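Let's start with one chain on its own, the form predicted on its own, as structure tokens.
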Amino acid sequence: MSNTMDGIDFAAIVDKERASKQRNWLALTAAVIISAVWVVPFYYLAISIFKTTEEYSLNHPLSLPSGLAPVVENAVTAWTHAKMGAGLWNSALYGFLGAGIAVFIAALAAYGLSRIDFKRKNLWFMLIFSGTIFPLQMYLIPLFFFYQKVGILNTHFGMVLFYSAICIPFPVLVLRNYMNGIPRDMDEAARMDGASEFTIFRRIVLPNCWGPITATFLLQFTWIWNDLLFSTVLANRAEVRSIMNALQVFQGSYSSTGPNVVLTAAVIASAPSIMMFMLLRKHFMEGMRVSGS
């Protein structure tokens, strides 16, 4: 019996469907393997914080804990020895002030680069954005000696100043592109009524940019919160250490407390940034969507 009827090759159709099913199974298998690779570290973290140091040392690292009570003892030990209260306060200070100042200045710069006509706008934009071209590590030595010379090494002001400056270029790129898409009709009408440029920025442009502003703020806040390199070099005293720097010192100085306590400290350190994303996730997703459109 022929597999072809009215010019239709049924055998080819069957082979194509079989090949499609095989590709689907391969894709599903790959997805399961990748998911397992991602889940295992979280599983290890989740069970380790509920173990005592003795239980962690004697049993297999992936074995289930005997109870839930040790997590409180681990948290108290981590909070006390790692001085997490000061580290969390410092990171929150650096994150909110550094990211907030950077995004505000970036919004002002983006407004000027997108809504005001003046000569060599692209040159000014490239000058601002050129700060992201070079590896950030190359700024370490000049910054260290400059901060030491002017007397702002190991100070809160020095860290906020650095984070505010280093976080400006990326928000400028995002906000400039977004502001270019906002119609200028209301700007011109406001100028005819005598409104200043700052009034137009504050009352017309800024309310339409809360989405990308929130997205860039969260991204810069997270980068500042997770920064270890610059906080270690520029703020290594206990009273100005960031939370990541405090974790590094705790891991090296109190390694005898056990990995379970160190992992508990890491969970506490990551909680504020996760909460920030959870609280502002609606605005963040809206900002990412409009920024990518």
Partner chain sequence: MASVCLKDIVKVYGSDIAVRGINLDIPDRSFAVFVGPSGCGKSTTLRMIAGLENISHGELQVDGEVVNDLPSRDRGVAMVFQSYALYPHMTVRQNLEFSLKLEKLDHSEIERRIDEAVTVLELHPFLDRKPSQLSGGQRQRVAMGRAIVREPRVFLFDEPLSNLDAKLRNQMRVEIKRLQRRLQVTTIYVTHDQIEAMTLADFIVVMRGGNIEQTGTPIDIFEAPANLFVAGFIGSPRMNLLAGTAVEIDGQLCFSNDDFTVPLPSERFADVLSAGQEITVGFRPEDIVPEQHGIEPTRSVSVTGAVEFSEMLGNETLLFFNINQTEIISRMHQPRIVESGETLNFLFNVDRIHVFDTQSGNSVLSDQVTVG
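Residue numbers count along the first chain shown, from 1. Since the structure is predicted, the reported quantities are computational estimates derived from the model, not experimental observations.
Beyond the structure shown, there is the form predicted in complex with the partner chain, which is absent from this document and is the topic of what follows.
So in the model of the complex, does L93 come within 4.5 Å of the partner chain, heavy atom to heavy atom?
It does not: once the partner chain is placed as it appears in the model of the complex, L93 has no heavy atom within 4.5 Å of it.
Check whether N208 has any heavy atom within 4.5 Å of a heavy atom of the partner chain in the model of the complex, and answer yes or no.
Yes, N208 lies within 4.5 Å of the partner chain in the model of the complex.
State yes or no: in the model of the complex, is some non-hydrogen atom of Q148 no more than 4.5 angstroms from a non-hydrogen atom of the partner chain?
Flag for Q148 set to no.
Looking at the partner-bound form in the model of the complex, is T199 within 4.5 Å of the partner chain by any heavy atom?
T199 belongs to the contact set for the partner chain.
Tell me, please, which stretch of 182 to 190, 212 to 220, 151 to 159, 74 to 82 lies within 4.5 angstroms of the partner chain in the model of the complex when heavy atoms are compared?
Careful reading of the contacts points to 182 to 190.
State the residue from I101, I204, L173, A86 whose non-hydrogen atoms include one within 4.5 Å of the partner chain in the model of the complex.
None of the others qualify; the residue that does is I204.
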